[in-house]
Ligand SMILES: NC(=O)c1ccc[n+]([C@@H]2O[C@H](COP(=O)([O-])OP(=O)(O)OC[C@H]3O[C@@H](n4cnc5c(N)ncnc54)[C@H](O)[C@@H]3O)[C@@H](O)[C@H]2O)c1
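Okay, so here's just one chain, in structure tokens, the form predicted alone.
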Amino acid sequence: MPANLENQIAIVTGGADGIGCAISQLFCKQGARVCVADVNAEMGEAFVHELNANGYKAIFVQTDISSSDSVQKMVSATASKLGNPTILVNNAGIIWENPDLLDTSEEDWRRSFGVNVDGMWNCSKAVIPYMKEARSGSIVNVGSVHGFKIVRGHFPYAVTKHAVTGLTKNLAVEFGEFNIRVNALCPGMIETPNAFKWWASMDDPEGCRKALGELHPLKRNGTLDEIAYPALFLAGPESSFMTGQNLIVDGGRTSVYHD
């Protein structure tokens, strides 16, 4: 039976596109009131307009998660318009390919950590006081299989995703006594809009897509729903005795050796 998020107040960062969009939509369908926090105002406003038109309760707040001030304003807006946040999905992140590690600029390094690690901490720090007061809450950090195995050419993305694992475990230990659960959801290759844009830049887009799928024991890439439902599980009551864990949803890819 699907989880029931009725009366839950959820914040989903990067919630207007890709995985975040799928999670936001599913949470709304499950009865949650959702704050879609995203840096892209045009996309976010259009998405929330669609959610509200379908009878769901959602707001959009343009947010730069690397800025603690921006995050505090977003969380305050959520509390005033929807209610005190009970669920946080730290989904927003950035990735790029960098085949030459020594060519990584200080700006790229700081920007990567600023969004992928600092951003998660900024959001967690802003919602935890509400959760402590309620003595209940669930935080889902969207990590990656890159946090477990290194794929060449994705530096420093993989470093940030390893850091997400540490942040998840540390928060889980420190705030477990307040019944605040913190877990990480670690997707493999998922067919997001950005993935299709990336494949479109290749000489053989469909061939590249299929080749990546073949790396998985299931012989395909994942879908957005196949990440949204595990996020729902981690956020909801069905996972009430899980905290500090990494849930890998990757079609078995991390179980296979690839050089």
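These numbers come from a predicted model, not from an experiment. Each residue number is its position in the shown sequence, starting from 1.
Same protein, other form: the form predicted together with this ligand, not shown, and the subject of what follows.
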Open item on the list: Please pick out the stretch from 124-132, 97-105, 167-175, 141-149 that is in contact with this ligand in the model of the complex, where contact means heavy atoms within 4.5 Å.
Closed with: 141-149
Open item on the list: Quick check on this chain: which one of 117, 189, 159, 82 has a heavy atom within 4.5 Å of this ligand in the model of the complex?
Closed with: 189
Task: 4.5 Å heavy atom contact, residue 223 to this ligand in the model of the complex - done: no
- [ ] Report yes if any heavy atom of residue 137 sits within 4.5 Å of a heavy atom of this ligand in the model of the complex; otherwise report no.
- [x] no
- [ ] Would you check, heavy atoms only and a 4.5 Å threshold, whether residue 40 touches this ligand in the model of the complex?
- [x] yes
Task: Contact label in the model of the complex: residue 28 to this ligand, heavy atom within 4.5 Å - done: no
TODO: For the heavy atom contacts within 4.5 Å of this ligand in the model of the complex, list the residues of 71-97 involved, in sequence order.
DONE: 91, 92, 93, 94
